[in-house]
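One chain follows as structure tokens, the form predicted alone.
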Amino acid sequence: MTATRSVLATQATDFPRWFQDVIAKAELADNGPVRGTMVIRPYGYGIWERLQAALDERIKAAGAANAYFPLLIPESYLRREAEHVEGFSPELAVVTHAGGKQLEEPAVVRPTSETVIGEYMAKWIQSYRDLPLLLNQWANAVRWELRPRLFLRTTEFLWQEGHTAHATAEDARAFATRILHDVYRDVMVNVLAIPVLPGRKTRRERFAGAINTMTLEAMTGDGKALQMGTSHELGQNFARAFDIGFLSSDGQRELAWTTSWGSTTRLVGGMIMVHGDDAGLRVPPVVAPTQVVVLAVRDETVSAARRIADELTASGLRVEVDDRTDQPFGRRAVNWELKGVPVRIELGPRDLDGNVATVARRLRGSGKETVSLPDLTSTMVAAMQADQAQLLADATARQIARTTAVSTVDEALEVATTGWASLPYDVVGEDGEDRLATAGITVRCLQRPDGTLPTEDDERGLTAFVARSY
């Protein structure tokens, strides 16, 4: 562990620096050539691919189909929904020249696609029989960030954005809520092993142009909050701006009710900040590109390492062989520990003589165990299940331990220096949100006392969860 810690800042002394160190040393990403952009390296992209597949499967199960819309949006589209353009105006990247000429109309590089998709929804929807229209796209987006941070806030990021149109407000609300729970929460809990707090955003914090934003908030290792995914009810705001209408069953023309929802490469950042430790990454087995790495200690164990890897792969595990015996073994072991691969199998001549392998599980730190080769496959399969569950249990315990119920805004300000505070929103109100904001603290979300989500802005008796955030 000492060798690993020497290349990373510690979480306790400088968590943001530790985060950047892990991204660099685990070879997840690098800074792009334009300020705020990100180059995702193969190992980091491998994690994103598995997250993408898990999300895509669930999005399709909810009934949405994938499509693709242009990167460039006419500036006039954004200006049709005043609150929307006002909310994104400081973050917009605008193309004014192309082909050696000034454009007749500037084009905006999409910060999100409600406006362009709204234009085509209006074209494609004629009657109630065309509803619901459930679309999703996998794309990039650009928001000109003032304080970029890899995987958390980058000028360009990868994401999925869903956009739907419905005949009634009730249908739109039900679908937006389904996405929050059956897609996002399911992936975050069961794939990323991250407990998340669902809730409704306050008026101050909700998406520009929405009538309701629902969120999932995770607690990072330093006790801050990270917004992991959002689902928005847009009411009829965009339908009115883009004339997304339909003929009802009784022949009356009505406006549709729309939703939008998205999750980004920020999920990878959340995984790092929730599960990582002073030795580097700890990747949940379900999302790990490599679940088991087999290290050949010497040349004479390479063929055995490959044979064992083949047997483990046949059982459904994702396995890599490290046969770089020309490099120091300790350095190789530390690098795999940095990358957070769930299990490392070390195979030396003495192991083969004893018909065993030395196993190091990432969650158990520097501890190792000896496992007989005939039992190796079953042991590895069981380890994946156990370690996935343990990561979720550890993160859940931390979230519970560092969430404190308080009764005043002053107490919330104090608690939010190291964790989350919960208190009645009736005590906070918009004036309290202003006070919290001066200290860099926000109301992350609102819940009813029973944990369900409120459906109206003015609902009384709600619990507010307050924290600093990334």
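One-based numbering along the sequence shown. Source: prediction; values computed, not measured.
Below: the form predicted together with a further copy of the same chain, not depicted.
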Exercise. So in the predicted bound form, does any heavy atom of Gly429 sit within 4.5 Å of a further copy of the same chain?
Worked result: no
Exercise. Does the 4.5 Å heavy atom contact test between Phe242 and a further copy of the same chain in the predicted bound form come out positive?
Worked result: no
Problem set entry | Tyr120, heavy atom within 4.5 angstroms of a further copy of the same chain in the predicted bound form | yes
For this session: Considering only heavy atoms, tell me if Asp56 and a further copy of the same chain come within 4.5 Å of each other in the predicted bound form.
Result: yes
Exercise. Among Pro289, Pro74, Gly365, Gly87, which has at least one heavy atom within 4.5 Å of a further copy of the same chain in the predicted bound form?
Worked result: Pro74
Seminar exercise, completed: None of Ala82, Ala169, Leu352, Val95 but one has a heavy atom within 4.5 Å of a further copy of the same chain in the predicted bound form; the exception is Val95
For this session: Given that the partner is absent here, state which listed stretch (439-447, 407-415, 66-74, 420-428) has heavy atoms within 4.5 Å of a further copy of the same chain in the predicted bound form.
Result: 66-74
Exercise. If you look in the predicted bound form, which residues in 33-56 sit within 4.5 Å of a further copy of the same chain (heavy atoms)?
Worked result: Pro33, Val34, Thr37, Met38, Val39, Ile40, Arg41, Pro42, Tyr45, Glu49, Asp56
